[in-house]
Structures are given as structure tokens and as C-alpha cells.
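Next up is one chain by itself, shown in C-alpha cells, the form predicted on its own.
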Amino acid sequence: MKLLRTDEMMHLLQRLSDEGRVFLPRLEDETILFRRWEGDSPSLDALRAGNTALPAKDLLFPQTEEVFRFVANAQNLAIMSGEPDDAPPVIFGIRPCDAASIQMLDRVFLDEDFPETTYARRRDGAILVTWACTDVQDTCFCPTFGIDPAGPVQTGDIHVTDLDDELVLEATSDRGGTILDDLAEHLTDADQGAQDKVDSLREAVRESVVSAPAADDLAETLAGMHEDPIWEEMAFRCLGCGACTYLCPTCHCYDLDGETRGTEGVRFRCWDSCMFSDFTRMAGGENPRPTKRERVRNRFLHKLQYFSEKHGVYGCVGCGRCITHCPACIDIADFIYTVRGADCDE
């Protein structure tokens, strides 16, 4: 563990900027979002405010991305490959749940047989500087999935614990260690007092996450609930707006679409949502998920059963965004409690 004075954080950001474009939480129109760092003083209030409204996945898997452009006439067709911005980002201040979600995107997009090349280029050089949670929200339940809200994350490079006047820095990768070595003149070794503070803080944060239902054997339980009445009950409340999927750090479905004007056109990739009625509609008009019941069921089973069966981990990190922003107050943590046969107030 190394100590860096909070008022000297600029040294860390400047060193990170040598590795690529730095993005960090900023307050924008009363909303905390990841935005490009332009060399100015970072906002500690934004860094300490909890999770950003939108996850950091947009920096690795953009919401909209051009694939190619074309010009066509009666005689010729010219296709120009898109030039996606595949420069690896440096993501500073990402919370442990969002950092863990990138592991899940890696499982999907870095499949050795069919890698998504643009994602792979961004991900290969990306640096993650995780920021320990010190004040969790009521909707957080990341320990359900084995995520420590205040501790280091496997996918990270440097982990930061905020002790107000000092930041405790831990290298969690070789690349992170090199960066901290380069900052040696600004860092001091953490003494036993600082380490004790970190340990106490982590324990207090873990205890404060009260909404943490056990996820053990959840996939096996759900495997026998395909026709359970619970899906009809949840579908009755669902508006089908898709907000849960667009705010989710692990959702990765996308569509290919395009626009044509005269002889010129563009094809682009954009996020899609399994909650939309046309997501599974086929060219002939048939739809295997014709009602909200099937779509709600698919979303929850994909997160909590199918993803686990295929990849060995659940497709949820307990960030709570879908709970916070669902206009129908559908609560995935409450759902897990119900499936486990437990009281959601426990």
C-alpha cells in the first residue's frame, strides 16, 4: 500500500494520461457521468458520490458505432470501412461492481473463436483505476455475487481507497505497479495506522450492504421456474421501456442498423434491448417472445441462469441501477429474495 495526498492527485492523473485518454466521473447537468479529463482539477465530490448514472462500458463498447459507409449507383458500389475510435481508455474512479462487469463483457467479446476485434483493441490497452466504495446506496447488493464493494478487483490495475486527506493506492496488476513506481517521489509507504484504517473502512462498508441475498444455487432454482406465475406478475408491472438494459453494466446485446440518403448510406452498430417487442421478431413476422411475460422472463433468466450456465458467473454485479431507475419499481434483489424463499427485509 502507498499513500498519496489527496491534493496531489493531479500527479497520478498526469502519469495516467501518458497511457491514454483519461475518463473520470464528473457532474454534468446534476448527473454523475464518465467524461474525458482535460487536465483540470478533478471533482472529489463526483468521485465520492457513488456509482455513475451510466456504467463505464460505453468507453469499451460504445452505444453507437459506425461500421461502414457506402456510395451506390446503377454501375458501382463503393464501401468505405468505418474508422471506430478504438484507442484504449484509462478509466479512473470506476467502482468495483462496474470493474467486475467488464470481466463479463470480456467473456462475451473476447471469445477465442469469435473475438470482437474493436472491443479487443480497446480492452487490451485499457487501464482501470478502481475506487473503493465508502458509502453504499440502498439499492447496492454486489456482495450477492462475491464482489467486495471496498476491496480490489481482479480486472483492475490500481485500487484507490479514499481516507479523506490521503488516498491509499494498491497496484493490482504489473502495469499498475509500474505506474506507481514512476510516482515514487510523490508516494509514501502506508504505515500500520493507515492499513488499520483501510481494514476498518472495508469491514464497515461490507456490513452496510444490508440487501445482499445469497445467490448460491440460484441458477439451479430458476431452471425449474420457466412456467412459474411470478413472470406474469412481473410482466404486469413492466412498461417495456428498456431502461434496465441500457443502464446495466453487463448487458451487451446490439443490433446493426443503417440510414440511406440518395446514393449514400451508413451502417452502424447500436445497443439493443431484449425488453423491446421487435428484438426477436423474425423477417416473416413470427416472434418467439411475443409478450412482456416472455421478455421479462428472458431478461431475468439470462442474468441469473443462462449466463451462469455458460460462463460460470452470474450476469449481474449488484450495482442497483436498474432498481434505482425502473419506473415500475421492479427490484431484482427483491426478486432474488423471493426466489430464495426469504423475506426481502432480512
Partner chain sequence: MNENPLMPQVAEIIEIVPETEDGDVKTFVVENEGGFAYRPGQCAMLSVLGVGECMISISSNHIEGAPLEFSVQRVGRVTDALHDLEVGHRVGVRGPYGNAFPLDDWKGKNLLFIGGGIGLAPLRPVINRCLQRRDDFGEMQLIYGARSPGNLCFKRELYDNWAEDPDIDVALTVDEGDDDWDGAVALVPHYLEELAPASEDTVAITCGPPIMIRFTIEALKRLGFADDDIVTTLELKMQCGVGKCGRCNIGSKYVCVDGPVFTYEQLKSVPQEY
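Residue numbers count along the first chain shown, from 1. A quick note: this is a predicted structure, and the numbers were derived from the prediction, not measured. Heads up, when I say rigid core I mean the largest set of C-alphas that superpose within 1.5 Å between the two forms.
Although it is not shown, the form predicted together with its partner chain is what the next lines describe.
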| item | value |
| --- | --- |
| All of Asp113, Glu116 and Asn298 within 4.5 Å of its partner chain in the predicted complex, heavy atom check | yes |
| Listed residue that, although its partner chain is not shown, lies within 4.5 Å of it in the predicted complex (heavy atoms), from Met80, Ala204, Ala184, Ala87 | Met80 |
| Residue among Asp174, Asp199, Asp216, Asp255 with a heavy atom within 4.5 Å of its partner chain in the predicted complex | Asp255 |
| Interface segment, criterion being heavy atoms within 4.5 Å of its partner chain in the predicted complex, picked from 69 to 77, 138 to 146, 174 to 182, 123 to 131 | 69 to 77 |
| Contact test in the predicted complex: Leu27 vs its partner chain, heavy atoms, 4.5 Å | no |
| Close approach of Val108 to its partner chain in the predicted complex, 4.5 Å, heavy atom | yes |
| 4.5 Å heavy atom contact, Ser43 to its partner chain in the predicted complex | no |
| Proximity of Arg36 to its partner chain in the predicted complex, heavy atoms at 4.5 Å | no |
| Within 269 to 302, the residues that have a heavy atom no more than 4.5 Å from its partner chain in the predicted complex | Arg269, Asp272, Phe279, Thr280, Arg281, Met282, Ala283, Gly284, Glu286, Pro288, Arg289, Glu294, Arg297, Asn298, His302 |
| Threshold 2 Å Cα movement between the shown form and the other one for Glu264, core superposed | yes |
| Core-superposed C-alpha of Ser81 shifting 2 Å or more between the shown form and the other one | yes |
